[in-house]
Ligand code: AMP
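In the form predicted alone, a lone chain appears below as structure tokens.
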Amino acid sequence: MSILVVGSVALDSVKTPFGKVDSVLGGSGTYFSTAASFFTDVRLVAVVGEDFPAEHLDFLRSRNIDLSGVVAAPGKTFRWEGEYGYDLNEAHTLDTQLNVFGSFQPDIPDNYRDAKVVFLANIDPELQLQVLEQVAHPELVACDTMNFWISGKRDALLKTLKRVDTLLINEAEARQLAEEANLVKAAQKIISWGPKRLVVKRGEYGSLLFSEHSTFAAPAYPLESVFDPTGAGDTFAGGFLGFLAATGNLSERSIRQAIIFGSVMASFTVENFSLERLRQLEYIEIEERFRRFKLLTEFAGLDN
């Protein structure tokens, strides 16, 4: 099954203790689409400005990402500037310029409206609802959000969640959304609002999957070199939904496998700035890291 994703395509400037880059390819839609493209066909809906480099569009096309839904609008591309300290779990935003993204109204092309899997990246929940009004009968809808929308557009976000199967957010956002300090209680409350499952992204501490009747925990892959965590959450979502779309299997076992594939994709992203690691990535590397990931927590059958 193909995936429809609606999100941002941006130019990022990022500084970490390990280096700095300026005006590189970024955006939630970009990271998600690139990761998911290793598993299935992706249709991207986004907006870019007149200053967006053609080479970045060429890269996305090289991943067989359908860009029919990407609009070039008069003005400048969405830009984000951030900095990380040695605690790479927290980004400090230095500057945000919405530019053409500020007036973005997603118009889903006719040939995208039959998508069976839909990912609503971190955009205004009112826009997320507009997208859902334009798609026919999706079998799986997942979305992301952030603290800005949780506090500023809570009512619209709750309306969106009624139509979402899977919500992917970080730990602080889950607590803020549910207004619960305890993460388990927070998950139970969020699931009662509509989503069948909640995926909590915890950075270097891994991820948690909550559903009505089960909980699953996955570690993060231990890495020697972490350069830039920007986009790791969106890459996680791309691996997670990409695997599910490719298999068409929504069993509990398959969803747990998808969590691991999401973690695998995120682990590659952070090994370099922007999407540089994903540009060089081969699927055989994904398979090998998935195998190693399984060994991290496997203990049954060991002699000692």
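Residue positions are given as counts along the sequence shown, with the first one as 1. Just so it is clear, the structure is predicted and the values come from calculations on it, not from any experiment.
The form predicted together with this ligand is left out here; the points below concern that form.
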Consider residue 166 of the chain shown here, and say whether it contacts this ligand in the predicted bound form, taking contact as heavy atoms within 4.5 Å.
-> no
Might residue 27 be said to contact this ligand in the predicted bound form, defining contact as any heavy atom within 4.5 Å?
-> yes
With the cut-off set at 4.5 Å between non-hydrogen atoms, does residue 240 touch this ligand in the predicted bound form?
-> no
Is there a heavy atom of residue 131 no more than 4.5 Å from a heavy atom of this ligand in the predicted bound form?
-> no
Segment that reaches this ligand in the predicted bound form - one of 135 to 143, 191 to 199, 73 to 81, 214 to 222, heavy atoms within 4.5 Å = 73 to 81
Position in contact with this ligand when the complex is considered in the predicted bound form, options 117, 209, 232, 100, heavy atoms within 4.5 Å = 232
Quick one: from 227, 104, 112, 149, grab the residue that has a heavy atom within 4.5 Å of this ligand in the predicted bound form.
-> 149
Stretch 31 to 48 - residues with a heavy atom within 4.5 Å of this ligand in the predicted bound form = 31
